[in-house]
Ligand SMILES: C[S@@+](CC[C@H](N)C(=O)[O-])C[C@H]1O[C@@H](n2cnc3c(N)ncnc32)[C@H](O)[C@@H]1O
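The form predicted on its own is given below as one chain in structure tokens.
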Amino acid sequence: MAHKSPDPDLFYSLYTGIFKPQMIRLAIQIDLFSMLDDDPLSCPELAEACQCHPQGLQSLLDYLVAVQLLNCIQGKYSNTPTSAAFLNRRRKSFAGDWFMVETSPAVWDGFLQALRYGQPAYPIIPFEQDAWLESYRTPRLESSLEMWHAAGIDPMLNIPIRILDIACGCGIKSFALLQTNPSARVVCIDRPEVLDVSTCLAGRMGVRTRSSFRKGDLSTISLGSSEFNAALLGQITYYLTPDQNLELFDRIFTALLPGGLLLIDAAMRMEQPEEASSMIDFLTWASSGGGAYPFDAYKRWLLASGYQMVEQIGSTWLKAVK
């Protein structure tokens, strides 16, 4: 079924299989989607613009139509909303560099070296492009509200609450709460290029005036003292080593008001190996020295930082109270 708006889940599905990612890589490398930014073009016109042989390009174009990245009407090709948003280099939301890095053999060669010698590969990944994808994932809104409710913060109550969203990414989890609670405020922390995404999304969701943005590295930026009712760490703790997590939990503890809540959203390693968390465990270890830590590890670190009532509230959620 054709989508009228960008579909991030379709983009993520491009990673499946062996051949599909390589076909998409070819299209990105010849900058095909950018050539279609203005008007639909025929195969001969695209072959000239991309400097490709028309016979081979015709097959690639047909493949891209089949995987819903191009439309073709009367022999003229055009971008779909998904390719226009995420694969057109002329758009702010371009995520092609992220795709190229994630599917690059060089990254996996780095992981092989990490596996052999125990040293993380530290690949340079444009996380801001992944944030653009996440900013269009509308199912995130419902799941985010479920997360806040499970943590004991009723999204429907109009009560003042000040949130610290650390390594916020696109910020959709906090903005979902702001949409339902007009008295809520959020301070988002991330790198400048990522905050460009969250600032844009805050505007699209109508919560820009209640959102503040602080540029900085989460390992060094000041989080303040006794300023926030709640802090959110979403899908970042598994990129950090145990010592880095413990140091960060200490600083968040200082930033929270008495009774304040720390909410963590992260894949956790299970006692019985599970595919998704095991994969995240290896990839984050190989790329940064982190891992999909078990709940018991989080609980031990949080109690050492002074938190109380540490409990797991979902398969990827846990909370702790100051």
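Treat the numbers as computed from the prediction; the structure is a model and nothing was measured. Start at 1 with the first residue shown and count on from there.
Keep in mind that the form predicted in complex with the named molecule is not shown, yet the notes after this line are about it.
With the partner removed from view, the residue among Val207, Val187, Ala121, Leu218 that has a non-hydrogen atom within 4.5 Å of the named molecule in the model of the complex turns out to be Leu218.
The partner is absent here; in the model of the complex, the one residue of Tyr239, Phe213, Tyr136, Tyr77 having a heavy atom within 4.5 Å of the named molecule is Tyr239. A residue is said to contact a partner when one of its heavy atoms sits within 4.5 Å of a partner heavy atom; Gln235 meets this definition for the named molecule in the model of the complex.
By the criterion of a heavy atom within 4.5 Å, Val197 is excluded from the residues contacting the named molecule in the model of the complex. Using a 4.5 angstroms limit between non-hydrogen atoms, Arg140 touches the named molecule in the model of the complex.
Although the partner is absent from this view, Gly96 stays clear of the named molecule in the model of the complex, with no non-hydrogen atom inside 4.5 angstroms. In summary, the region of this chain contacting the named molecule in the model of the complex, judged by heavy atoms within 4.5 Å and restricted to 127 to 135, 84 to 92, 223 to 231, 179 to 187, corresponds to 127 to 135. Here the marked residues Arg300, Ile313 and Lys319 all miss the named molecule in the model of the complex; none has a heavy atom within 4.5 angstroms. Taking the named molecule as it sits in the model of the complex, the stretch 166 to 199 comes within 4.5 angstroms of it through a non-hydrogen atom at Ala167, Cys168, Gly169, Lys173, Asp190, Arg191, Val194.
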